[in-house]
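Shown here is one chain on its own, the form predicted on its own, set out as structure tokens.
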């Protein structure tokens, strides 16, 4: 009798587990079709000679690792282009990321401080996040106009006597890289600030109160309580910022008029990739560059994660 009752109860019970899989199924289908499959094709074609010569398509013809060998072969000037452009990308990302995280951390601590009890936080969050809503291309065109030789910045500097004649910001390596870094900083520091604020607000307030009662200074509270407990969010924002920085394209592409001027010192990895993918339609070389970029990104992410997440004795 008991066995029959148990069977009837199981028959009448409803399992909702399957609905969870049904709800997440569309994501995996879309990801498989529009992301995973193209990624596999990219790796596949990186081992082929496959490009367009005029109106004629050459290939696909299997050539093994020849595309990768070509990428690592020095040019007539003795430089390896992919390493040069990778260095350009890292330099411009670091120039923007360092002030981005320093200022974002300072603002996050400032806005979440219960001692200061800042009013109007919602408005402030909206204001600092607004640059992130502007398209990078529009932001870049604005800076291109402002800092051109006939733009208002040069006119202001000349009228103030700071410079004698118009300075071409886009043909000086330092100024060009600085403008790219400044643009990336302005677009992303608000997003980073909000993420770090969310991380700080998730920390138990009693920990801060106990530290203040024990006479801990603000710096000691920050380094001994805030930063250790904020580490997971900080690692997430730092690694995602690095991945986005290594994929930098639109800002330097517009400011340098697609040339990477001066002397290719502002050309990034994705701009280099676009030369093969968008201009010459060389899918084999473009695939090889994409794979190398993926490997470099993965290696740097692991290094950063292991370095920041290292436990103290």
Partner chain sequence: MKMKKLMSGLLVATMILSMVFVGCGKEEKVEQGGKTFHIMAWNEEFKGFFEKYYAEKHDDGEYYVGDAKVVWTIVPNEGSAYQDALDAALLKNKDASAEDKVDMFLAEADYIAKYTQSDLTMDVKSIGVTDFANAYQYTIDAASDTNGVVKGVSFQCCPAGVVYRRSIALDVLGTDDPDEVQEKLNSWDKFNAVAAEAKAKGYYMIGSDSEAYRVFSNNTTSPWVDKDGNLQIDASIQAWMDQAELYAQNEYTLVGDIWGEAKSQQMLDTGKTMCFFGPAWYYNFCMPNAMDTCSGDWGLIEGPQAYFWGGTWMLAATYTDNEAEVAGVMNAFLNNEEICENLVSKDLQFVNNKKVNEKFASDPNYGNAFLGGQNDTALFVELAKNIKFENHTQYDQACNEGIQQYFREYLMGTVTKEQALENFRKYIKEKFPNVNVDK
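Numbering follows the first chain given and starts at 1. This structure is a prediction, so every number in the text was calculated from the model and none was measured.
What comes next is about the form predicted in complex with the partner chain, which does not appear here.
Novice: Quick one: from 213, 219, 160, 150, grab the residue that has a heavy atom within 4.5 Å of the partner chain in the model of the complex.
Specialist: Looking at the other structure, the residue within range turns out to be 150.
Novice: So in the model of the complex, are 55, 258 and 276 all sitting within 4.5 Å of the partner chain, heavy atoms only?
Specialist: Answer is yes for this spot.
Novice: With the partner left out of view, is residue 59 within 4.5 angstroms of the partner chain in the model of the complex by any non-hydrogen atom?
Specialist: Close contact is absent here: in the model of the complex, residue 59 is far from the partner chain, nothing within 4.5 Å, heavy atoms only.
Novice: Wondering, does residue 231 line up within 4.5 Å of the partner chain in the model of the complex on heavy atoms?
Specialist: Residue-level check for residue 231: no, no contact with the partner chain.
Novice: Counting only non-hydrogen atoms and a 4.5 angstroms cut-off, does residue 282 reach the partner chain in the model of the complex?
Specialist: Close contact exists here: in the model of the complex, residue 282 approaches the partner chain to within 4.5 Å, heavy atoms only.
Novice: I'd like to know if residue 85 sits close to the partner chain in the model of the complex, meaning any non-hydrogen atom pair within 4.5 angstroms.
Specialist: Contact with the partner chain, yes.
Novice: When the partner chain is placed as it is in the model of the complex, which of 117 to 125, 165 to 173, 104 to 112, 199 to 207 ends up with heavy atoms within 4.5 Å of it?
Specialist: Selected range: 165 to 173.
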